[in-house]
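As a starting point, one isolated chain is supplied in structure tokens, in the form predicted on its own.
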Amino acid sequence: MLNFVLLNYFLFYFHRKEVGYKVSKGDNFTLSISKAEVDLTPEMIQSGSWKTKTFKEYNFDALGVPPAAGHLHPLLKVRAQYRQIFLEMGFTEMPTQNFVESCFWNFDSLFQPQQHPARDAHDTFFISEPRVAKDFPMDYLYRVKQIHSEGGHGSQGYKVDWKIEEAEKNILRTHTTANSARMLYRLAQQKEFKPVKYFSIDRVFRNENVDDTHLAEFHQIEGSVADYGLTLGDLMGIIQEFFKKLGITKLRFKPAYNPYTEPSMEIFSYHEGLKKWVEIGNSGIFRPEMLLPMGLPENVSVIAWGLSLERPTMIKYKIDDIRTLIGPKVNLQMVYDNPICILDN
């Protein structure tokens, strides 16, 4: 063992290598330590100071900061809550994908007279191309024509010359009640009537003067229940229960007139921001002149109510001007910073 150690020492001693180094100042020699720049700013480019800066090398394998993703608009947050409430109450969502509607489904099927002011260009957007619609259930169209011009089912009608040319005109729908008419007509074609509860939330268009509570384009929430022997008390009860789930308890009902409902009621709620009562919806029981031509049984009643999505949202978020909620005046930072909508249900 000793011989082996001496041999290794002998080899190390006679094979020893000497290495020398020469140290001098380089171009980047400095006695002060500065922090390398991370970002190239517009100011550096404008002044040219980037030429004298030391930049930190990029690590392309490092994970970056997650980019800002899309943000839900407050209306979409509230819409999701409303939809969930309808589903919890056992309602079925109606298809509402058709923004363009014929006057027949938008007005005539709802027993709204062809001379009604709402059918004027000052209140409704008419479509120039395609100007008219042609696909109608003709037997139902004839019954609608008859109830308008001659009456029936205990009604004297409007005693006017009903024109199909007016019914064929295409418009931007003024309410989603046109979809309710389509769904009720489809329900009437079933062999056996079964009670239903429908709802929809979608966009409608009206030629309105824009102000702090009105827009020419807004969202309508609609609910309807078709069953035997429904009364005005049932309507008021379901409306109060519905708004209670929204956290809105200060409600008032005011008698109103609608061509397609009798009796009819406007729904008001107290706006904490505006410090006044604001109309948030309309309601009523669909008239027999609307339901019986569809083929629904005589003892079936349909209660319905509609409200805008914007006004309850304004009440919930204490927004005074609807134009700051939707439209070109919206501050996008408000959309980013808005909290999740949690209704007091």
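What you are looking at is a predicted structure, and each value in this text was computed from that prediction instead of being measured. One-based numbering along the sequence shown.
Keep in mind the form predicted together with ligand PHE is missing from the figure; the text below concerns it.
Checking 309 to 317, 36 to 44, 53 to 61, 277 to 285 against ligand PHE in the predicted bound form, the stretch whose residues place heavy atoms within 4.5 Å of it is 277 to 285. Although the partner is absent here, S200 is not a contact residue: none of its heavy atoms lies within 4.5 angstroms of ligand PHE in the predicted bound form. Proximity of T177 to ligand PHE in the predicted bound form falls within the 4.5 Å heavy atom cutoff. For V300, no non-hydrogen atom is located within 4.5 Å of ligand PHE in the predicted bound form, even though that partner is not displayed. Contact annotation for R206: at least one heavy atom lies within 4.5 Å of ligand PHE in the predicted bound form. For the three residues Q220, T261 and A304, a heavy atom within 4.5 Å of ligand PHE turns up in the predicted bound form in every case.
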